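The form predicted on its own is given below as one chain in structure tokens.
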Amino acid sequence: MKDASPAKPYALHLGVIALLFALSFVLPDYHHGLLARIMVLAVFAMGYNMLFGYVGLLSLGHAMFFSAGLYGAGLAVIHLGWSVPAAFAAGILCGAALSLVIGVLALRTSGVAFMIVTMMFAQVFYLVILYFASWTGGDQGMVVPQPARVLGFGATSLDLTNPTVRYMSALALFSTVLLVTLAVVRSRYGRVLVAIRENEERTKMLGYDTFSNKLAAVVISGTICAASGAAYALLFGYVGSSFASVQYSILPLLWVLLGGAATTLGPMIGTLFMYYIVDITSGYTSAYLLIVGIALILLVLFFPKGILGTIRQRWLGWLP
């Protein structure tokens, strides 16, 4: 029987945040850095989940939004000399503006056509990055200078290259997006998105403007992905065209499916699982992709709705 208590989901999410905070004091250096990267990329997956999991729109263009934030922040620091907060804001605004334009155009389609259109826009964005190589670094990308990755001035400044500062910054971004996502999906608007996913025509009959609601979801999704990209550029100091490739649109889809689509913590679990299974198996054999493939097949067989999705279906129906 489902527990309708509104306190349980928030307590769970705050507990996860507290656990990640505590881990920063006990993890070895390698895992400390890896988990910081996973949290930033989990935000990317959470942005993707907002559109795919809750609206049911399969996109192959989200690498474009991630890269808009990545290059928006990176180029603002490298070429314009902007501060970290200004560059981070620039990356988010680039992603929000791009997602609004792409949403207006791509939402004229649906289903497979939507997937193809978003992939085409992403490929165009990728080629633009390669064409303006003098500004973007092309295939080689660019390194964000270490002196520019400092937040604040003087004695109160925070160096984002410091492992502890980087971890806490990644945790702050992850926590903020996680709680905002939880609030959105549990709101009236979140229920409208689920209604659109289940039956768009019936939702229209109830008087809802499905186009506007889906457009808002695209913008929210793209903005979250851009925030992840901007944070990646500033925390890890690299911007590159590989992040704009179609492969980087498939990765968040895989992470979301593994963790559980339409679950708030699923993207984090999926990203964590994929990163560590690749990391562990690659340390033992060069054929690690074979082992990863077998593990994924077993996961699909025993957890058909993803790890958290299946747990919610079978045991914990109150999970958001």
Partner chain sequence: MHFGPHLLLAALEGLVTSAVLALMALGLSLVFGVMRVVNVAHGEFFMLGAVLAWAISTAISGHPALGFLAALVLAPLIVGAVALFAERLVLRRLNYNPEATIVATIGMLYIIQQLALTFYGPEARPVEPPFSYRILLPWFGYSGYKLSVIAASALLLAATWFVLTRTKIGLIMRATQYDSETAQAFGIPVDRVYAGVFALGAMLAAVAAVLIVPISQAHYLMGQDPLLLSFIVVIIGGLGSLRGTLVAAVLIGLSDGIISVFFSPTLAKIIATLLVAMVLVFRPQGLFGTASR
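Positions refer to the first chain, counted from 1. Just so you know, these numbers come straight off a predicted model, no measurement behind them.
The form predicted together with its partner chain is left out here; the points below concern that form.
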| item | value |
| --- | --- |
| Stretch from 216-224, 170-178, 108-116, 86-94 whose residues place a heavy atom within 4.5 Å of its partner chain in the predicted complex | 108-116 |
| Contact of residue 157 with its partner chain in the predicted complex (heavy atom, 4.5 Å) | no |
| Residue 54 within 4.5 Å of its partner chain in the predicted complex, heavy atoms | no |
| Distance check, residue 304 to its partner chain in the predicted complex, heavy atom within 4.5 Å | yes |
| is_contact(residue 257, its partner chain) in the predicted complex, heavy atom dist at most 4.5 Å | yes |
| Neighbours of its partner chain in the predicted complex among 266-300 [non-hydrogen atom within 4.5 angstroms] | 274, 286, 287, 288, 289, 290, 292, 293, 294, 296, 297, 300 |
